[in-house]
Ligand code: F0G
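The chain below stands alone, shown as structure tokens; this is the form predicted alone.
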């Protein structure tokens, strides 16, 4: 096994192995090139529309695709499926309070349910929501509630070659300029993501979170954290930020959350479960509104669209997520894949992020214009080569400007290789790296795609394409 390094610095170290052993296996199916060609054509060259039975290594997302532990599966047998007052909810509520520190908890079926509740409860038409880069469903809910999203992330986040250790940081100057322009009363909250998915899984520093808190306190503005991968963010703080090397992940997580007024959570990521999420807040008035709305959109306030067994598995997953051996192996596997690609000079977002390798499709296919969807093209080509499923994070995901109807054209045109937690081995990463290299070696003959079907909302999920 190859040795690993951190932040580009070569280190001699012994090989390491995943901190678990395999108890149950799911067989994988390999396919022929002809079968893959038929499958991707029928899917309109959109990897979201592939049948999972046609996929070999599935790197579409880390959302709900993790392997649960024996403790979590045992906990599933303790599910209290009472419609009201499930004991599993109160266990989950207490666990969230312990590790994240928030007062009030509203359960939801997944993260976007929490985003919807927050947006409907906090936003008024004409409001403005700043954040450290957009995320697709988050921005949709904010805009659907009548707000305008503003990207206030530091400039380094838009540069795939920058080695800034905290590319998720909020630019305080950009945030202050927005406050000066629209007024603090028009900003219901700052949306602070940790880590920043669309920037390549990049972390935000504790120092920046503290500074954003001070600025927002000065103007009376709330901060809501997208805490989906906050545990991974805590590891980066522990590794990179002065004063935190000797602090535990749980201590770092609790301090980080203390600089916000609440959070939305997709439990399908950090919490190692297949379904579930929550909205947390320290604001009792917002909590009361969200608890009323959850009954309309999700389910009763003591289950929010989850079964009791799922809430129990999530509570156990929270406890397991802050285990340092686990999280180091999780991020270490992604760094291992990054090392392999770096050996072949394949362009991707650096430093390596917490949950995925983001291939730089602009540099991968410099001859393919952005309107020919280079990141979508690369995802299709990777599937054709090996049956590996990845996903687009570029112009397709960015969608259209609601005012002009034109494509939003982000600076980042990325193809995401997302690693599920506790699912694949290092050998799978070798296969992935070799497939990416094969696509890179044959990149000159690729021409791009045309979009032939575009849905009204969140088009990247269902859009269809044809080869040029």
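Residue numbers count along the first chain shown, from 1. Quick caveat, the model's predicted, so the values are computed rather than measured.
From this point on, the text means the form predicted together with the named molecule, which you will not see here.
Per the 4.5 Å heavy atom criterion, the named molecule in the predicted complex is contacted by stretch 226 to 234, the sole one of 313 to 321, 125 to 133, 226 to 234, 366 to 374.
Mapping the unseen interface onto this chain, residue 61 counts among the residues with a heavy atom inside 4.5 Å of the named molecule in the predicted complex. Within 4.5 Å of some heavy atom of the named molecule in the predicted complex lies at least one heavy atom of residue 391. Taking the partner from elsewhere, residue 111 is found to have a heavy atom lying within 4.5 Å of the named molecule in the predicted complex. Contact annotation: residue 330 falls outside 4.5 Å of the named molecule in the predicted complex, judged by heavy atom distances.
When the named molecule is considered in the predicted complex, only one residue from 381, 115, 360, 298 comes within 4.5 Å through any heavy atom, namely 115.
Checking 137, 208, 120, 95 for any heavy atom within 4.5 Å of the named molecule in the predicted complex turns up a single hit: 137.
Taken together, 197, 266 and 416 are fully in contact with the named molecule in the predicted complex: each brings a heavy atom within 4.5 Å.
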